[in-house]
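Below you will find one chain, with nothing else, as C-alpha cells; this is the form predicted on its own, and questions on how it binds or moves follow later.
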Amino acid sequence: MTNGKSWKPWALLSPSLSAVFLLLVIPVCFVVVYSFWLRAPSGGDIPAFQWGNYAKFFADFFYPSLLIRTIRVALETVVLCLVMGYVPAYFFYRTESRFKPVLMILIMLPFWISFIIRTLSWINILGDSGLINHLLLKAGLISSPFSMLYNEGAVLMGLLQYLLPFMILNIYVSLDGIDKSLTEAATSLGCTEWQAFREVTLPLSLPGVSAGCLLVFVLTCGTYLPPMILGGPGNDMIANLIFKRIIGTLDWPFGSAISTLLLGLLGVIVYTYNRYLGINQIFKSLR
C-alpha cells in the first residue's frame, strides 16, 4: 500500500516530466553534443569530440568582450527595472482604489502584444522622424533631428519595455503576501511611515525583489531582438552572436559552443543565488 502511494505522485507528474524531458532536456543535450563537432571547409558538420570551438571562443577577445558587455547590460537593466518597478508595485500593494484591477491590466497589457512589434515601435518614437523629434522640432527646441536610435540607450529602452512588467509583478506578489497589520503595529509603536517601510515592508519584500532581479538578468542575457533592432554595430550582445553564427553562417558547432557557454554561465549564477540566498525564496515570493 505504501509503495502504491509513493508511486502515485510520480504517475501524476509523468506527463509534465515527459514534456520537460522531450522539449527541454533533449534539445539542450543536442546543443551540448553539437558544440564538440567540427565545421568542415565544405560547410558541413563532422561528428567529433574536440574542444576547438571553445578554444576559438577564447582565442579572440572579441567573443568574450560580447559576453562581458551582455553581463554589463543585463546588470544595468536589472538596476533600472528595480528602481522603476518597486514604486508602482508598492503603490498597487497600498492602494485601495477601485481602479486597481484596471491598472494591473495595464501593467500586463504589453504581454498581449508581440515582442517584435513592441520593439519595432521604438523606431517610430526615437527615430529621426519619430514622435519625440517631431515634437521637439515643432516646439523649436532643436533645429535638426536628434539621434536617439542605434545606441545602448535605445537598447536599454527596449529591454525595459520588455522586462519591467516581470519585475513589477514579482515585487507586487511578494508585497501582497505581507500582512498590513505588521506595518500598522510598527507605526503604533512609534515608527514613522518611512521607518515602518524600511524595517518591516522592505525586508519582507526582498524575496520578490530577488526573484525579479534574477528573472530580468537571465532574460536579458538571452534576448537578441532589442540589440538587433535598436542597437548599432557596437551594441551586439552574446545572443546576437549566436543568432548570426547559426542563422547567418550556419556554423552550428561554434554557435552551439557559445550557447553552451552562456547556459553554463547562467547556471553558475543561479547556483550562486541558490547557495547564498536560497532558490526557495523565489517560490516563497510566488505563494
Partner chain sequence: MENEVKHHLDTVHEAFNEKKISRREFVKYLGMAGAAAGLVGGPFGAVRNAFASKSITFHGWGGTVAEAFRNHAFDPYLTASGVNVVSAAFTGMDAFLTQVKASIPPGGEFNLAHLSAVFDYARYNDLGFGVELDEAKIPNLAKVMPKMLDTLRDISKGTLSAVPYDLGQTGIAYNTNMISKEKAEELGAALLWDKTLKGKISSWGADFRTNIWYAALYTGQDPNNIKDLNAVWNALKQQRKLVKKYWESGAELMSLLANGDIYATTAYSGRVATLQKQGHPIAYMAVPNTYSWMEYIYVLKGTDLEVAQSLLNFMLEPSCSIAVAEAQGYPSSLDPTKVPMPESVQQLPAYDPTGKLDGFLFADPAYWNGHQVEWAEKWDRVRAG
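Values in this document were obtained by computation on a predicted structure and should not be read as measured data. Positions refer to the first chain, counted from 1.
Heads up, the form predicted in complex with its partner chain isn't pictured, but that's what we're talking about next.
Peer 1: In the predicted complex, does residue 62 come within 4.5 Å of its partner chain, counting heavy atoms only?
Peer 2: It does: once its partner chain is placed as it appears in the predicted complex, residue 62 has a heavy atom within 4.5 Å of it.
Peer 1: In the predicted complex, is there a heavy atom of its partner chain that lies within 4.5 Å of any heavy atom of residue 233, even though the partner is absent here?
Peer 2: Answer yes; at least one heavy atom of residue 233 falls within 4.5 Å of its partner chain in the predicted complex.
Peer 1: Whether residue 27 contacts its partner chain in the predicted complex should be assessed with a 4.5 Å heavy atom distance threshold; does it?
Peer 2: Close contact is absent here: in the predicted complex, residue 27 is far from its partner chain, nothing within 4.5 Å, heavy atoms only.
Peer 1: Even though its partner chain is not shown here, does residue 239 get within 4.5 Å of it in the predicted complex, heavy atoms only?
Peer 2: No - in the predicted complex, heavy atoms of residue 239 and its partner chain never come within 4.5 Å of each other.
Peer 1: Would 45, 247 and 250 all count as contacting its partner chain in the predicted complex, using a 4.5 Å heavy atom cut-off?
Peer 2: Contact check passed for all of 45, 247 and 250.
Peer 1: May I ask you to list the residues of 124-150 that have any heavy atom within 4.5 angstroms of its partner chain in the predicted complex, in sequence order?
Peer 2: 127, 128, 129, 147, 150, in sequence order.
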